[in-house]
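Presented below, as structure tokens, is a lone chain in the form predicted alone.
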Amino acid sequence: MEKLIITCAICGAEVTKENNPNVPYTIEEIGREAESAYKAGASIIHLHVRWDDGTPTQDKERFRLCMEEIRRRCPDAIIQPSTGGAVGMTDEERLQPVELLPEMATLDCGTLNFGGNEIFVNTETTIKNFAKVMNEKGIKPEIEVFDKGMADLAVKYHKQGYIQAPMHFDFVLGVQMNATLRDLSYISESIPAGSTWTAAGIGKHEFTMAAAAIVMGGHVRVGFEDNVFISKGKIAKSNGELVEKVVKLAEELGREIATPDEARAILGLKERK
């Protein structure tokens, strides 16, 4: 079984310091949390950025400053900006970080209910345009999947030439799709041969889905974006603490952890000059 790639989603766009005072907002805080995850064993830093007051933004300059701070602290980490942004942002806002030419960026492959009256909109035109821009810039998309239909759409767009192989998926379980072994097994068997995948369990499902992915040959995402607790009722001190727990699970289950360069080889990332 190939080595385990750990992604850490260090802050997201929705979680706040009221949920966990260690959620990073400032450039220094984002760098600190990325470093804690990297040192614990994460190869990929999934990145949203905030203004200092915690307001989510897709501002290109803010991304640039945060990415520079992460690279200063974690020189070989893979930085994966989100093009999802936050609910209500325009496509133009959301695409800003790809102008910085990261190795990877996220590609949401469908519209979903995001809680209450919030709907996160991704039309067919949006998905195809985002994929086209990433292809032109040599950026590998991580295909964000919240239900089976999104995986099917990604495969359809691959066949149409919008998404290139080898494809990499992130299965987000516990928002729109149930976080069960049945659902993870079903969706992981629904993608093309040669694809790679990561499981991200939301909230209380984080470590159950992590353990399942480790055993099934997938990869794992954790982080404050998805869950702010290290165990029931106990706030995590850092993103690094969440990553450390995955590393311990992997050791117990006999799976080695991939370095950033090993992750690049597994994902088929293009070499950066």
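Numbers for residues come from their place in the sequence shown, where the first is 1. Computed from a predicted structure; not experimentally measured.
The discussion below concerns the form predicted in complex with ligand KMH, not included here.
Heavy atoms of residue 87 reach within 4.5 Å of ligand KMH in the predicted bound form, making it an interface residue.
Proximity of residue 225 to ligand KMH in the predicted bound form falls within the 4.5 Å heavy atom cutoff. Residue contact check for residue 249: none of its heavy atoms lie within 4.5 Å of ligand KMH in the predicted bound form. Ligand KMH is not drawn, but in the predicted bound form it has no heavy atom within 4.5 Å of residue 198. Residues placing heavy atoms within 4.5 Å of ligand KMH in the predicted bound form fall in a single listed stretch, namely 43-51, out of 211-219, 28-36, 228-236, 43-51. Judged against ligand KMH in the predicted bound form with a 4.5 angstroms heavy atom cut-off, the residues 13, 108 and 114 are in contact without exception.
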